[in-house]
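What follows are structure tokens for two forms of the same protein chain, given separately as structure 1 and structure 2.
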Structure 1
């Protein structure tokens, strides 16, 4: 993995764009990834799918090329370019040979700067998205997750999720004018981060960035303010009926009131990971392996990015006639975890697991690029990537058990089950 602070060259080739270059031993291959603020949360409230659809339209044609010409050009050099959008960012990525990097970046920027948004392609895309969302209405895990977040948060909170019917309606109403309006407001310089790893020369990349991105408009897009907090924590039980399902999904959780930058975040994250973070965690060992009540179960801390007060949750999949027993067994394990805390040997084992997985994730240029980009998006210095394993290894047993006691309350759990029930 190496020392990031010494090996990553960070610069600002043009105002409003930061680049991070890490040369590795991958010969002749370059992996590039980037992003800028302008994800779903930046869409207007009644057009919240504008960011997602806009990003998905970028490879459908530019003012100079249609989608077939773009595809042919990429195929001729064995390269890939992808665009996507999440809650906060619009993201892009590319994978190519070193000798074709300038050509691929030029095409990438052409798609970013001069998309044509063909009406026919938009109609086709909307039909496909609506079809996927309609099928998702049969996904009991997704429905239970949405139900949990709708219970934990008010509608204008970043972690709230709209119903699938609401989202379908939003996509169907979206017009080409809406896409163009969102594009004009959110696309441009100002918050762009670009990361390149592999067989790449930092100076050559900077020159290419200056040539291709220079002169693009600057958008006044900063982090969105958090205008509200999670709903008051209280015990609630909800059931979502989905006919003719052979399995049911259960979500159990509650808000934690802190974000990723809080001093207790890593201790709480570790405690929750010990409860249900992987196949050797408590919930898998007890509810799944010993009692045989679930097909899969796990716990995590989520929704803590960019100042948002997050939540912790436990998820499990059960046979419909076993969900009551599964829920009871899961809550019993949560209560035991809360009352007795975790043991030193559990903490030591999970430290090894987390830091090991972190290092393994850096073994590929794609993994390296993703970690560096995420770090940049969070506004962390590049040296934070070097210190992360130390942060994990420094967690004490008292700190972890104290965080569990401080942010978990088994008496105020929200449970949402989705499936076919009697």
Structure 2
């Protein structure tokens, strides 16, 4: 726990691949995660789903094994391998008993390096994905979130989200050659980070990585330039009608114009945390605890990775007939927070909260692995994880209140509600 610099063994077993290994007290189990640049943003226009579908096709067969042989090999030892993609990265993860680690890595790399992309499997997968997306059309939270991001950002921005109908259409049109094309351009050595924690030996893992990944083609994929900025901030209210729903979702937000590396980021993040970062933050204490209007409400800063100008938002759920009251109460709290700023004792308490939670959050191998991988993806040295509590503890009251004044404008909030309204 803690002291990452000394406890994580960082190395480059082969060119274009960095590994981070941390042995912990967890008995017999290993959690492994990795990623490389090549997420949805790297797909061609109108083929945005190519990254996701390509990743989902990796367990459907390799040149040597069909999907049942892959699954059988994993399930016979109770191991799991998953592939997925987000905006920037294609990611993989594995969870297994210590004794099976080398076998599981060999299989994972076989899936990454020699996928067969069977046509019939692609067709079945597309049907499933479309079915899931169709079901999401009644998910009030998802619809409100998409509504907010479509208002805050133009289509070319990494934080923009397409409508579910657009995404369904994009999935339906994808062909096997689109998948192969994406695979050939994006998969390979170059930007791979691999993290393993638990009952794992760093030297053995490095040898295994060398053996399995050695000789794979290199891709010169780099971070994407940000092509555009957020839309100009202006007050806007949107309502999305979803029939037969007993609870509505409300998003309130606006762009902040800065990314995670900006000098004001942590001060703003702290200010927003004091507003709605946890149960004892202002929004839960007033809108839920005192007024009883919601089961859950919170606020956060998002979309700030890899140079993107992010946004801050508040999300809460309300009975449809209480949405106006809930919205009013939330905005009043935001205005009060903006006008008066936060107090020294709040800042002090939340510093202990965030640094303590940072420690508690690393109680599991999955928590540790996620922290180390995210840090590596952001290009930060491993020692950055040790300095995070110091960064938080060094924030001054003036800096936090200054950031709230600089990046929040209560007169130009965008609100989006999704649910069944009269």
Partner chain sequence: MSPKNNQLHDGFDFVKSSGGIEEYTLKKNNLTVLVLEDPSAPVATFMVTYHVGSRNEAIGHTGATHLLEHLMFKGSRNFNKEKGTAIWTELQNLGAQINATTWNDRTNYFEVVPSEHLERAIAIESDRMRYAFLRDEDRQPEMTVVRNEYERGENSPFDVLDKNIWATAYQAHPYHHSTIGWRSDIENVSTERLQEFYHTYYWPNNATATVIGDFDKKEALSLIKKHFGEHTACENKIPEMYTEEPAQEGPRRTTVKRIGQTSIVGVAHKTPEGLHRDTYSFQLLGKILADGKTSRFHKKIIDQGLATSIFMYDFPFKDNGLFITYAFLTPGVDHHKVEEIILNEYEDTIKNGVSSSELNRAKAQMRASVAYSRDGSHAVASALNEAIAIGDWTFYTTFMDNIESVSGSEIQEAAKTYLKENQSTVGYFIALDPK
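Since we're looking at a predicted model, the values are computed, not measured. Residue numbers count along the first chain shown, from 1. Definition used throughout: the rigid core is the maximal C-alpha set that superposes within 1.5 Å between two forms.
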Structure 1 or 2: which one is the form predicted together with its partner chain? 2
Residue 77 C-alpha relocation of at least 2 Å between structures 1 and 2, rigid core basis: yes
Any CA movement of 2 Å or more for residue 29 between structures 1 and 2, core superposed? yes
